[in-house]
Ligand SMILES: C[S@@+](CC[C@H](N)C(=O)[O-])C[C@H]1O[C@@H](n2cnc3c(N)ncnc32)[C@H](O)[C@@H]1O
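Quick setup: one chain, the form predicted alone, written in structure tokens, and binding and motion questions come after.
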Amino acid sequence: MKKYLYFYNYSPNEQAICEMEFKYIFHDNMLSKYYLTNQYFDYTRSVFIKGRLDIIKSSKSFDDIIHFIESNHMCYYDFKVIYLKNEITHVDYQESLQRCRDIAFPIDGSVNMQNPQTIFAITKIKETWYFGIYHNQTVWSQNYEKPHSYSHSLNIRDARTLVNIAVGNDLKLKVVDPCCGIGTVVLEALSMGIDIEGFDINRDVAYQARLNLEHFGYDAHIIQRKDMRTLTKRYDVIILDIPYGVYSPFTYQQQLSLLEGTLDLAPMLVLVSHIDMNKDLEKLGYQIVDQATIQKGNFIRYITKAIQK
């Protein structure tokens, strides 16, 4: 059975939200920055995964890996071999270079250190050596330069993480962002092939969001100007970054009114709020299943996943 080794990277203030995303992708608890599993996952969906090693051979004996390469007559053109450092097991720099040479020598074909078509990698975690093909492309930053943006809007890292928390591995879910602002969440969901619609009550903001979608080649009509409380369509999950009155007054009662409006839209909610709203969610009939926080300067956002009881 195929195995994969995922390499994670996050800052200290991102750990909680990273662990929350991890839970819905792998249905497991995150214990370290390295995760070995049989589950294939498109690592480019997560901003926290810096690479995936598709394991060809693992063994407690490095010589076993060399023997495997030789006996299988591996042949690749324009390849290179790298050593993946990790925080669990330290391998001296000179040893890591030698291990890479030892791996490269029995592989037929040609080496290309500058523009490799295939990157082989070797690493040692605890007592086991892992050898395979390494993937580390970053595609999620493609929507970074939007024509329209606001200083307090969600950044693309947070927006992408919210989408992963909302859908996990079920990319067939129908998602709605009923207060989508300039469309950051919508853009990130679309880039992952997810069926999503966005709405915003503000005419100018909705227009700018549509321009953002057009800029990246998406159908602008995916976002409409509409009050979320007038929506009649049903979805599988809601991602709601609830307005909190940064640029115009917005009371807590108005926020509660929007929360009430989510009940008829979908059975699952991923809420972004500037305060903990768990008590009010529970009063409305939601069950809190998970929560974490993200921080931008001194500004803290609560990320809450809830389902209707």
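Note that residue numbering follows the sequence shown and begins at 1. This structure is a prediction, so every number in the text was calculated from the model and none was measured.
Form predicted together with this ligand: not shown, discussed below.
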| field | Distance check, D200 to this ligand in the predicted bound form, heavy atom within 4.5 Å | value | yes
| So in the predicted bound form, does Y150 come within 4.5 Å of this ligand, heavy atom to heavy atom? | yes
| said: Can you tell me if I242 lies within 4.5 angstroms of this ligand in the predicted bound form, counting non-hydrogen atoms only? | reply: yes
| request: Flag D227 as yes or no: does it have a non-hydrogen atom within 4.5 angstroms of any non-hydrogen atom of this ligand in the predicted bound form? | output: yes
| Only one of F62, F250, F68, F41 has a non-hydrogen atom within 4.5 angstroms of this ligand in the predicted bound form; which is it? | F250
| Interface residue in the predicted bound form among V205, I103, V91, L173, criterion: non-hydrogen atom within 4.5 angstroms of this ligand | V205
| task | Tell me the stretch among 176-184, 69-77, 121-129, 105-113 that has any heavy atom within 4.5 angstroms of this ligand in the predicted bound form. | result | 176-184
